[in-house]
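Quick heads-up: it's one chain on its own, the form predicted on its own, in C-alpha cells.
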Amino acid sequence: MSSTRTGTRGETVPTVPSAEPAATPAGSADVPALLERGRTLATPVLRAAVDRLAPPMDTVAAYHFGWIDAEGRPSDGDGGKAVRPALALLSAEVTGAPPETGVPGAVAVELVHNFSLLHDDLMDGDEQRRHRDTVWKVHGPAQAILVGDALFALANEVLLELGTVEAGRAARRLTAATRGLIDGQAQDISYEHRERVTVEECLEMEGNKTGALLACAASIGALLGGADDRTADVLERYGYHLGLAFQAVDDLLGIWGDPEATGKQTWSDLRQRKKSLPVVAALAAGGPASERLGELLAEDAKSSDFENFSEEEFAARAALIEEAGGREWTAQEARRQHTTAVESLDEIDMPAQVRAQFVALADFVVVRKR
C-alpha cells in the first residue's frame, strides 16, 4: 500500500495500489477511454431526453449539463467525470452483452445524479459547480427545483419505456437507490446543526448519499443485460464501497482541494459547516488538537459573523483537523473502501478484461484532484 500525500492544497489524494499485472491485460484498462465511451454513447440519449422537457426547463437543464452558457449559446462546459455512465456500460459487459445495452441505465443514473446536484446546490447555497455559476444562481431557486424534479421523472421514463422485464428490475433498483440518496442528503443537512456526529453516522450518511447511486450504476447495465440478482447484488456491493471511497476523497478535496481543479471555493466544506469524514474523525480522535477544534466549531455554530471569516481562520481549522489525524484517517478509509470494492469482484465470474476495467475505474476514483 503506497503512502498518502499530506502537503498543501491541490495535491493528488490519496494513492492506492494499482491492479496486479496478471489481472490487467495490456491496453484493457484505459480509464480515459472508458470515460469517453460513456460520454459518447450516453450523451446523445441524454440530450434527447432533456429535449422532452417543456420550456424553459429544457434550456435550464442544458445550461446545467454544460451544453449552453447562461446566454443560451452553445458551450463546451465540463460535464463532470462521467464515472457513473462508464460503470453502467461496463456492467453490461459482465453478462456478455455489448456496452450499448447499458446506455438507458447510464442515462437514467446520470439524470438522477444531476437531479440531486441541482437540489443539493440550492440547499447548500453553493454558487459554483464545474467552474460556472450554479443553476439556482443563474435561473433562480424555483427553476433549480423544477428541473431537478423533471430529471428524476425522466430517469424512470427512460428505463420503463423499454417495456422489458429487465427494465422493470432496473427501475426498481434505481428507485431504491434514489430513496437512499435522498435519505443521505437529509442526514447531511441535519448533521450540520449538530455539534457532534459519530464516524459511524457519517459513514452511513455517505453510504446513502454517494454509495447508493454508484452501486446502482455498477449494476444497472448488468440488469439490462439479463443478470441474475446475485450478480447484480455483487456489483452493487462493489459500487457501494467504491462510492464510500469516492466520498472520502471528495471530503478531502472539500477541505484541501485546489479551487482551480474542484471549481469550488477554498475550504468549501468548512465554510458550510459540513460534518465530513476528516472533521468527524478529528473530533473523535481526542488530544489537544481535537479538543481545540471542537471548541472552535462550537463557537462557529453560535457566531453571527461566520460568513465573514478570513482565509486564515479557515486555514487554522483545517490545520487542526490535520494535526488531530482527520486527514490521514480519511485517506486510509478511502484505501480501505477501495480494497473492499475491488475484492468483491472476485465473487462472480466475468471476463478478465472487464474485471481489469472495474479495478482501473476504482483506482481512478481514489486518485484524483477533483
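Not measured: the values here are computed from a predicted model. Counting begins at 1, following the sequence as shown.
Absent from the display: the form predicted in complex with a further copy of the same chain. The rest refers to it.
- Of the candidate stretches 283 to 291, 166 to 174, 239 to 247, 217 to 225, only 166 to 174 has residues whose heavy atoms lie within 4.5 Å of a further copy of the same chain in the model of the complex.
- Although the partner is absent here, residue 68 sits far enough away that none of its heavy atoms falls within 4.5 Å of a further copy of the same chain in the model of the complex.
- A residue is said to contact a partner when one of its heavy atoms sits within 4.5 Å of a partner heavy atom; residue 183 meets this definition for a further copy of the same chain in the model of the complex.
- Among heavy atoms of residue 122, some come within 4.5 Å of a further copy of the same chain in the model of the complex.
- Among heavy atoms of residue 142, some come within 4.5 Å of a further copy of the same chain in the model of the complex.
- For the candidate set 103, 150, 270, 297, a heavy atom within 4.5 Å of a further copy of the same chain in the model of the complex is found for exactly one residue, namely 150.
- A heavy atom within 4.5 Å of a further copy of the same chain in the model of the complex is found for one listed residue only; from 33, 301, 319, 54, this is 54.
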